[in-house]
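Here are two versions of the same chain, shown separately as structure tokens and labelled structure 1 and structure 2.
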Structure 1
Amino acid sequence: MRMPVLASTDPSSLQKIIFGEDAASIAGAESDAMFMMIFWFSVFFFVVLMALMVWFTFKYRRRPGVAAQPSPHHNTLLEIFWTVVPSSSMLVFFILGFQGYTKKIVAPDDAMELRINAMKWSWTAIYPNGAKSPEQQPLSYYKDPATGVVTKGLDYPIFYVPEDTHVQLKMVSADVIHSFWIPDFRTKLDVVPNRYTGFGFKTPKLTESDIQDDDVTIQRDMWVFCAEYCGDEHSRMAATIRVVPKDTYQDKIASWAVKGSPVEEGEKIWNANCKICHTIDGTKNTGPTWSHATVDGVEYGYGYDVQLTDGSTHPRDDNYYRQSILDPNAQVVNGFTAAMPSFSAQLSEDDIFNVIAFIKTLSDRGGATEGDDGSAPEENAGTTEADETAGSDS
């Protein structure tokens, strides 16, 4: 697997020995640089402290016939020095590390969202238009030297992403805790049940070095592993992230597209299951309205804080709506009763995502909704008559 040399970094020989190949993103290269800075800082002080220890051991050794000198019990200036200097260094590491962490966790608003579902022992990716990649490849090949028979390992999925694009992962587990690890981006994050987690990265721009052996195809493959022990087949829980040109990506997901977009599917679920209690025009009903509206002095809608019956407040984000669907009595909105049943047995993980995608379109804080082809929509695209009504009422 060939990786580019980033213009922002010139890895040393030692750095190449430690990390192998160069990072595939600027954020990953910064992580490498941070690691090397801490490494050399530690080496420097290790050498200094060990040299001082050896020197002191020799200089102040006990000699025959020479009385031992009394040892000073306190030195204020020295104690301040060896407390402030190391602490200041740790503060620098913390600030630089936190900045690097936020760059990976927080993606730009226009980042492409890629949903990742984890289960024992496989990964599934759902694209912005609701499509899933059907492509797989064997984890390994083994050719018996005696018989020439080729044995293939387990198949694992291939996830396509466009080059030079910000990607935001939204991840959830169907069973136990997993960890989505992309070594080339120097990033991993736990994927847990019953809540969404995620991080972002920017895919590299493809170059001539990424042209494959057929002299036509241009792509770059990156490994994905599970970095949290999750059972018997944990070591085989792998996938490939394949970076391809943007037009190739658009053609791929268009060919895999499902009948309706996530927003359209979510609206269908609202019509079938939720309409009787939750309005989308801002009017009050048995349950809170999904629209961005002010009702009896209370502001509703995705992205706005909700007041709960226990007196606490909570942002109306993806995790809030997900829990409200699966365990509605856990967070009851102030002014309403615990009358909603759980839909855990009726809605799949895809259904829940689609419902939330629809809810987002009803609020001015829902963010940009992806188009059916996975591209950013035009202004006001995807709005329905009901959305316009909700907007006018709010």
Structure 2
Amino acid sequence: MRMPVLASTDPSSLQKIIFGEDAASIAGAESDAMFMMIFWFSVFFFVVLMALMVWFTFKYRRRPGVAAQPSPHHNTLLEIFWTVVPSSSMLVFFILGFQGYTKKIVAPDDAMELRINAMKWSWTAIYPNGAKSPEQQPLSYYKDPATGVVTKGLDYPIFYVPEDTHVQLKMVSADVIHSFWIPDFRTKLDVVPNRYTGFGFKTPKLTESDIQDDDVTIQRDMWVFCAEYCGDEHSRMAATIRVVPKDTYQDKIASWAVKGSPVEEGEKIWNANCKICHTIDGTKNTGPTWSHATVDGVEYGYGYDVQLTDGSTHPRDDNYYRQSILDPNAQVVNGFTAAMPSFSAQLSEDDIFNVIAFIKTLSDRGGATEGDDGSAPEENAGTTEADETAGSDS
């Protein structure tokens, strides 16, 4: 997001106006250069054609007493000229563009593979060791001019990548078409359901200018956006790519691979995948709140009965939650639309268990939450669960 220093390029001030900031990769800088080449090519022909047109309309305008000149029907030499010259320039653009495209779409064989899962409306990165990054940061702050109070915007995930490294993305969508766009690399690509797509990039080398205010941290942040309209919260489908030194990256992903208690792991999943639609503070969003709360006279939360759109009521127990996650459209909560994607391909059996463990801590009918301190062994949690379900049914 800050001005990267690219020794190999010296962009013109016009280029700065068009792109705002320099590209953060060589391939990106080449895209900018190509854009500028096509831009100047078009400017040249625009000026030549418009000047000729104005001059000809003036010179050959109809005047009294001047007979119209006979127009030639055919001029082979001229026609060959104005066909060959423009089409060979197009061919040059095509060849340059195609080379640039192949360079961006595939990274070298030894590239680090980063998996990206897209869903309405969040991105998840899965690192080579299987870890997911739990780190997030607000991408916006709002300062109330009257009170001076600063409010944080929503948190967005931070994806860590090592500096000076080839990265190849392997992306898939759980629902609709999204598009993973890293403006600083000048690359975006559709992320579609049922097949992998991906592109490669080389992360920049960090320099002096990437040292942060605290004089210790050295990193560079870049935006990620979704560039394919994918529903209500499309504009919030953002993330940060953070380039860090190689050893920082290794330490980070190693620490994320360590698992917490079921409740902690469940909260991480909420944070990464569910937060955009489900609150835990009792307010209504695209989906029902997970905590025990009364919204518009309806009670929500674990252990409280749910009203479904088919008119039936059902206790909110473990199996109800399980089905709501795997097959959300089978039982749609009254007052909501069937807007939730199925997580059957996204979450493992363990993940589902953990999310439910987390949801239980949000309700007074969720039972004792031994999982909280991270000490409860999973076998025990199983029996506790059965007891609670029996309790809440009565």
Ligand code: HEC
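Numbering runs along the sequence of structure 1, starting at 1. We call the rigid core whatever largest set of C-alpha positions still superposes within 1.5 Å between the two forms. Remember, it's a predicted structure, so these values are computed and weren't measured experimentally.
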property	result
Number of the structure representing the form predicted in complex with ligand HEC	2
Residue shift check between structure 1 and structure 2, rigid core fit, Gly231 Cα at least 2 Å	no
Did Val332 shift 2 Å or more between structure 1 and structure 2, C-alpha, core superposed	yes
Displaced residue check between structure 1 and structure 2: Tyr101, CA, 2 Å or over, core reference	no
Leu362 CA shift between structure 1 and structure 2 in angstrom, with the core used for superposition	45.6
